[in-house]
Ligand SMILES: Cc1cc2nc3c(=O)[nH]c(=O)nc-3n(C[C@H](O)[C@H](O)[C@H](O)COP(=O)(O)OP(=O)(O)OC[C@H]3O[C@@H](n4cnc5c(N)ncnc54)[C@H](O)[C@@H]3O)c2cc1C
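Read the single chain below, which is given as structure tokens and is the form predicted alone.
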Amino acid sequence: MTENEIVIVGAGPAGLMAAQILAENGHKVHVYEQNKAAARKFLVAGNGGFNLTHSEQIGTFLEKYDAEEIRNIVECFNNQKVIDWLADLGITTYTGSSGKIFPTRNFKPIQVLKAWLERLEMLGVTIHYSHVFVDFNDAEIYFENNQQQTAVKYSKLILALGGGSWKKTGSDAKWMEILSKKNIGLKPLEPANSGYNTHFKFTTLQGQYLKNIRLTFQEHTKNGELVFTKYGIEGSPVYYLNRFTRPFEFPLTLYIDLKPNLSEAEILGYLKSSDRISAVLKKQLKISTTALNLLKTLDKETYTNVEILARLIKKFPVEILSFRPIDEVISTAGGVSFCELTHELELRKYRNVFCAGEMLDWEAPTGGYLLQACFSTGFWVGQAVSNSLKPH
């Protein structure tokens, strides 16, 4: 049996941030990770564009999160503080045209992680790899390593175990069963930042993008681009609407506005100016090829009725049937309920045990908001644990 003061389980963004804060405050920290390397999901996320946070004003920024608790935590360690933290690691950043914050082009995801791990090593943080979390009680935590079980005593324990998507990165959510057996309240994990399976199969449009559109569900709208797939639709506006469709039973209907900058009346005026509908769509309305192909999935009677066509250009219905399977989506909703946690994110049933990162019950769209909340909860828990160890 080994004995450590502070144990962190999970070498992802939340766990590593907690480790850094604690080490900077003079504490000896041991991080246990089930993979053979740190932050695999962090690196995989970087393959699609490594946006680490977003440049929005904080008020608008916080609206992207569904839970008040997570909004308060993100406000404490906000997007500007993430930029400052990266700069302190030697990672320069820039703001993309969409407002997302990226490392400058000379920094690849692996280089950002390497700089962070070097800082942690300099601070004296020890990372133990190939340690699979098995169980814990109010004094010890148990791991499996090389087919042997190891018990580690702790005075403070931080669980930063991730969500349930992308199992290949080690984000398998097996901790859900462990915590459930301890009667810790959990909300079931669900797909988030997910594509939708649709009723109509857009076979002829597969792989094509609709750009500069507006997607709507009830009163919720999001501009951007979406892509048609063999099963339905994907894209940032789709992901954004996940949280608003979640409370309802499928099937549901989303609406695509193909020309957000024109009114229905203006579109109708163009369509009435000539009996050559396709020419008007292409040359005067400048409807994209993909949008035109989408409209041509309509029956001839509808396509040639200019009043109906104008309405559908502004409000093209797409019936959605379900989310995609949880393992292929970007993140998960659900996890440890905030009612099970104190303000400091300490488990009420297990004092001295804290939770951070995606394993908490919060949801946000892509665009830097996911990583931001992981950084923020790691910072929050690191500070809370450090403060609890100060002499009173």
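No experiment lies behind these values; they were computed from the predicted model shown. Residue numbers here begin at 1 and follow the sequence given.
Note that the form predicted in complex with the named molecule isn't included here; everything after this is about it.
Want to guess which of 200 to 208, 128 to 136, 280 to 288, 104 to 112 is within 4.5 Å of the named molecule in the model of the complex, heavy atoms only?
Correct option: 128 to 136.
Non-hydrogen atom contact residue 361 with the named molecule in the model of the complex at 4.5 angstroms:
No.
Heavy atom of residue 18 within 4.5 Å of the named molecule in the model of the complex:
No, residue 18 sits far enough from the named molecule in the model of the complex that none of its heavy atoms falls within 4.5 Å.
Residue-level contact is defined here as any heavy atom of the residue lying within 4.5 Å of the named molecule in the model of the complex; does residue 44 satisfy this criterion?
Answer yes; at least one heavy atom of residue 44 falls within 4.5 Å of the named molecule in the model of the complex.
Residue 22 within 4.5 Å of the named molecule in the model of the complex, heavy atoms:
Close contact is absent here: in the model of the complex, residue 22 is far from the named molecule, nothing within 4.5 Å, heavy atoms only.
To verify the annotation, which of these, 228, 217, 166, 77, has a non-hydrogen atom within 4.5 Å of the named molecule in the model of the complex?
None of the other options qualify; the answer is 166.
At 4.5 Å by heavy atoms, is each residue in 11, 161 and 371 next to the named molecule in the model of the complex?
Looking in the model of the complex, the three residues 11, 161 and 371 all sit within 4.5 Å of the named molecule (heavy atoms).
Listed by sequence position, which residues of 264 to 286 have a non-hydrogen atom within 4.5 angstroms of the named molecule in the model of the complex?
Nothing in this stretch is in contact.
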